[in-house]
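Taking the form predicted alone, here's one chain by itself in structure tokens.
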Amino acid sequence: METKFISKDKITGLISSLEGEIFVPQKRENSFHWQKYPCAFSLEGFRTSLPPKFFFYSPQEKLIEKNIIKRAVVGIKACDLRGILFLRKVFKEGDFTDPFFRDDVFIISSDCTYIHENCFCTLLGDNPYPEKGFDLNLSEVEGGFLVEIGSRKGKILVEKKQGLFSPASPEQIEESRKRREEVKNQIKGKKIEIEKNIEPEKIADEIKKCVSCSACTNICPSCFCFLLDEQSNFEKVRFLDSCQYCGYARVAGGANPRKELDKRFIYRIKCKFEYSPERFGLRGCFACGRCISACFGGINFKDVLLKLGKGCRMCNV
């Protein structure tokens, strides 16, 4: 990929040059939240509290023709970028093409500079920095950022605003590499590999904690299940749904193959690690750890995966 350098005092010039609605991460105490630009923003740290998937499709929307406003999102981290690539597979390359999924959003991603306590991307073999799926990516170095160009749209913007950039030096590229390695080494633990034949008894205690609130699926950067409803004026509305609801799998006539809590709990794990790879060619979990933070039952899903793992070995990434 082509790499440039932009100084910190010019980064606002880059963001301000984006068209349409612009969203950036804003730091509040020890967390990051999406905010509409212009506002104070931060590109450091880890993923935002809410996933950026809702910039690409709405959790509740009327399925009617819309006036599309250009949109750009800045500061998306690697786990969320993988989630967006997964959703593109689902909505744009699957059995049907969803006209309401936004595939035109300009993406400026950025490296994680330190991790959240619940992050575990390297334990699944991923990296805490974007590798594809962005228009531009920002990697913090002394005095500014390295800018990786990842798409034709990104290249056009850099050429249009070439006065903001300078060539990246070999020293800056090496500094970026070292910073990335330092962040990777912050995540400690065993490599996670999930058995296909999940044994529920291994995680019986965790299953008992589940209250079927759906917080884990609602906050997940890649969960996409929805429910269609028809209102009194015959307008169809799509709502975010969850496989963790008791009635999710219920069919006409009242039959429900996953009425029991343990079946729903196991289904979510198999969806992420078995069904999604089979159907879309991608794992459906990106180890952002939001489900751990959101769980009302206090379930640590990383520990759940470790208990279900096969042949766990010490992670050497």
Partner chain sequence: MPLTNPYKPIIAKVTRVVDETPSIKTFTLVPEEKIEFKTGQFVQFTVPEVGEAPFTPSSSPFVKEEMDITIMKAGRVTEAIHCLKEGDIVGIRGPLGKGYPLEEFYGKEVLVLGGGVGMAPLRSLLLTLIAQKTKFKRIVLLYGARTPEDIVYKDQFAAWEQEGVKIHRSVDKGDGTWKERVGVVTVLFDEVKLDNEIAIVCGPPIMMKFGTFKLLEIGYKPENIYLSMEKNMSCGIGKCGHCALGPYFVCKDGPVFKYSEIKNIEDIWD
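These numbers were taken from a predicted model, which means no experiment stands behind them. Numbering follows the first chain given and starts at 1.
There is another form of this protein, the form predicted together with the partner chain, and it is not shown here; the text below is about that form.
Of 34, 267, 273, 55, the one that lies within 4.5 Å of the partner chain in the predicted complex (heavy atoms): Going through each option in turn, the one that passes is 267.
Among the candidates 99, 189, 125, 143, the residue which, in the predicted complex, approaches the partner chain to within 4.5 Å (heavy atoms): If I apply the 4.5 Å criterion carefully, the residue I get is 99.
Proximity to the partner chain in the predicted complex (heavy atom, within 4.5 Å), stretch among 60-68, 24-32, 40-48, 288-296: Going through the listed ranges, the match is 60-68.
Candidate spot 230, 248 and 263, all three touching the partner chain in the predicted complex (heavy atom, 4.5 Å): Yes: 230, 248 and 263 each sit within 4.5 Å of the partner chain in the predicted complex.
Contact of residue 193 with the partner chain in the predicted complex (heavy atom, 4.5 Å): Because no heavy atom of residue 193 falls inside 4.5 Å of the partner chain in the predicted complex, the answer is no.
Residue contact check: residue 241 to the partner chain in the predicted complex, 4.5 Å heavy atom: Judged by the heavy-atom cut-off of 4.5 Å, residue 241 is in contact with the partner chain in the predicted complex.
4.5 angstroms heavy atom contact with the partner chain in the predicted complex for residue 156: No.
Residue 93: touches the partner chain in the predicted complex, heavy atom cutoff 4.5 angstroms: Yes, residue 93 sits close enough to the partner chain in the predicted complex that at least one of its heavy atoms falls within 4.5 Å.
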